[in-house]
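Here we start with a single chain on its own, the form predicted alone, put down as structure tokens.
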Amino acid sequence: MLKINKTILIFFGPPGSGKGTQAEMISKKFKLPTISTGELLRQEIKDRTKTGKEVEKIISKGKYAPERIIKEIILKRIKNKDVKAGYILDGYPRNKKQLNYLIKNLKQGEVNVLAILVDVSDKEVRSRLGGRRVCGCGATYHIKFNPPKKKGICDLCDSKLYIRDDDKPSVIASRLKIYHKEVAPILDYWNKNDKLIKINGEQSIEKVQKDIIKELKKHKI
């Protein structure tokens, strides 16, 4: 048996589950860089690259970016020197094809891989995303958890708040349908291999993090 010298933590969870937040917190705690496909794609969109413009049109409809684009940005990122001891994946793999690609590229015995599911119900997802409001200045609010002082108006710049395209009811429904269809087989794979950690995501951010750390310690991470 080869010595384990790299740790890879893979975060899963439906839209609005808070898995991205948890991934970042665990990243700091265990000093492992986070590789988020969502962040990588948003950066492409922000930079107005050719890839970014293509992706923006796709995700505004509640769909995922094409395989070729995901593979391209992932491969580019894992070439950095900061992933030598391991890394955290957020948003990848999203389907069976990506899972097979990942497994194929992991050296048996040298890598300790764990999948972490931040579990949240569809009802909770609709509440979290459907209530989110954003401003052009970058501020984000929630009509229930973090409402602005004036209804529909940004506290910082007095501009009118709006709902992101991917937070609209029809798009949320589409995102959830795709999530359940494509992610279920991936979770089943990690579960059968005793590599799945399931966490109740409908708790406070602090409690979710505490539960994740507790489970990681059981696996000697």
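Between two forms, the rigid core is defined as the largest C-alpha subset superposing within 1.5 Å. The first residue of the shown sequence is 1; numbering continues from there. None of the values given here were measured: they were computed from a predicted structure.
Omitted from view is the form predicted in complex with BIS(adenosine)-5'-pentaphosphate, to which the following refers.
Contact check for V208: a heavy atom falls within 4.5 Å of BIS(adenosine)-5'-pentaphosphate in the predicted complex. Proximity of L129 to BIS(adenosine)-5'-pentaphosphate in the predicted complex falls within the 4.5 Å heavy atom cutoff. Although the partner is absent here, H142 lies within 4.5 Å of BIS(adenosine)-5'-pentaphosphate in the predicted complex, judged by heavy atoms.
Not displayed here, BIS(adenosine)-5'-pentaphosphate is approached by Y92 to within 4.5 Å at the level of heavy atoms in the predicted complex.
Here the chain stands alone, but in the predicted complex its contact with BIS(adenosine)-5'-pentaphosphate, taken as any heavy atom within 4.5 Å, falls in 163 to 171 among 191 to 199, 163 to 171, 148 to 156, 46 to 54. Contacts between stretch 56 to 72 and BIS(adenosine)-5'-pentaphosphate, counted in the predicted complex as any heavy atom lying within 4.5 Å, involve I59, G62, K63, Y64, A65, I70, listed in sequence order. Relative to the superposed rigid core, the position of the CA of H142 differs between the shown form and the other one by 2 Å or more.
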